[in-house]
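This document opens with one chain alone, in structure tokens, the form predicted on its own.
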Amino acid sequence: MKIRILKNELNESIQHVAKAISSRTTIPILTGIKLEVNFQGMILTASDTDISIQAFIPTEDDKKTIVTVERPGSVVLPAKFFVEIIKKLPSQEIEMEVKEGFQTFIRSGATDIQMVGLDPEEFPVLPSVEEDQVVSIPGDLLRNMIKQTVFSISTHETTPILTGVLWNLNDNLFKFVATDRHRLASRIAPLEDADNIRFSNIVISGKTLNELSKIIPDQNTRVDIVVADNQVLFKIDRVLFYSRILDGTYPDTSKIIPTTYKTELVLDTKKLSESIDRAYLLSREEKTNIVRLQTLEDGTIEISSSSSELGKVTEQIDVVDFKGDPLRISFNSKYMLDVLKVVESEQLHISFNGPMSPIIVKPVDESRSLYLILPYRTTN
């Protein structure tokens, strides 16, 4: 293999595929990035067996030459060093040559580097995915749906299925659900051109979805999603992102969401967020994160928290609308702040069925998101 390639293009593709490299792998070949060169361009591949990412760099783009191929070939290079060194090379053009025994020579400006490569034949083959069910979704919508649900996954490996986000697609409605048994986040989006496509119980690791969202470009790029038996493939521009589907059946969460409420509040999102953030400072010191919310007779609500060492925070917030019974409830302030960080609506609809029933939070101007937080039982 012998090529000349533009540094920026190579570096961008390396950054994408490197997200699939795991430092914990016991398989030596998976600590590397596989490079394959033919006369159409270069393909980079990395995998940790749970996710695999492949990026393609064409020889030309918009009549600009990116890769000049003198001799096709392939090699696996150690990712840790390769990722860092390409970023730091001095010149905009890089020469790469692979000789006998996979010895790889990289030249850029006055810099010469020699790397010990590995045999690409030992690198695992990417999963084969039947493209029967392909869903197309705007990239910014997919990234938002991930952001608005993934924070509610469980971080405990004792229940692996809850470390993922549940995906269902039915009647052109794409639904994400995440829960750690103490809170829940769900988001629905209508999709065009998905009339005949249905799937359920597709659960994808939250860590994987976080890595995926970093690859989706800011400009409005469409992402094609291909769902197969145990894999999901995401196609984003010239990047292919494969993810394993988590094994197991996701619990039915529909039964825990109330349909009627005894107390309903409409609050200003920013004011509530700032108030709970201040109360969180004390509750965090107490290592409980407990904050109390109480409705008052003058039509305001009181947010309070206390610390045995530091003292107490109490403040009132005006309510935009209030219906139903008076209420005093305690909850995990960090869980509520996580919700408030991802809500894009200026006002929130918060509903209760009493001090020991789930708290339901919905953005006022956007009916497709729902958040649930279980309250705390407190003695005072």
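As the structure is a prediction and not an experimental result, all values here were calculated from the model. Counting begins at 1, following the sequence as shown.
From this point on, the text means the form predicted in complex with another copy of the chain, which you will not see here.
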Counting only heavy atoms and a 4.5 Å cutoff, which of 278-286, 189-197, 242-250, 212-220 contacts another copy of the chain in the predicted bound form? 278-286
So which of V134, L141, I161, I85 reaches within 4.5 angstroms of another copy of the chain in the predicted bound form, heavy atom to heavy atom? I85
Picking from T49, N353, Q316, Q40, the single residue whose non-hydrogen atoms come within 4.5 angstroms of another copy of the chain in the predicted bound form is Q316
Given that the partner is absent here, does I113 sit within 4.5 Å of another copy of the chain in the predicted bound form, heavy atoms only? yes
Taking heavy atoms and a 4.5 Å cut-off, does I257 contact another copy of the chain in the predicted bound form? no
Test of understanding: in the predicted bound form, would L310 fall inside 4.5 Å of another copy of the chain by heavy atoms? yes
Taking another copy of the chain as it sits in the predicted bound form, is G299 in contact with it (heavy atom to heavy atom, 4.5 Å or less)? no
Residues of stretch 68-90 in contact with another copy of the chain in the predicted bound form (4.5 Å, non-hydrogen atom): P78, K80, F81, E84, I85, K88, L89, P90
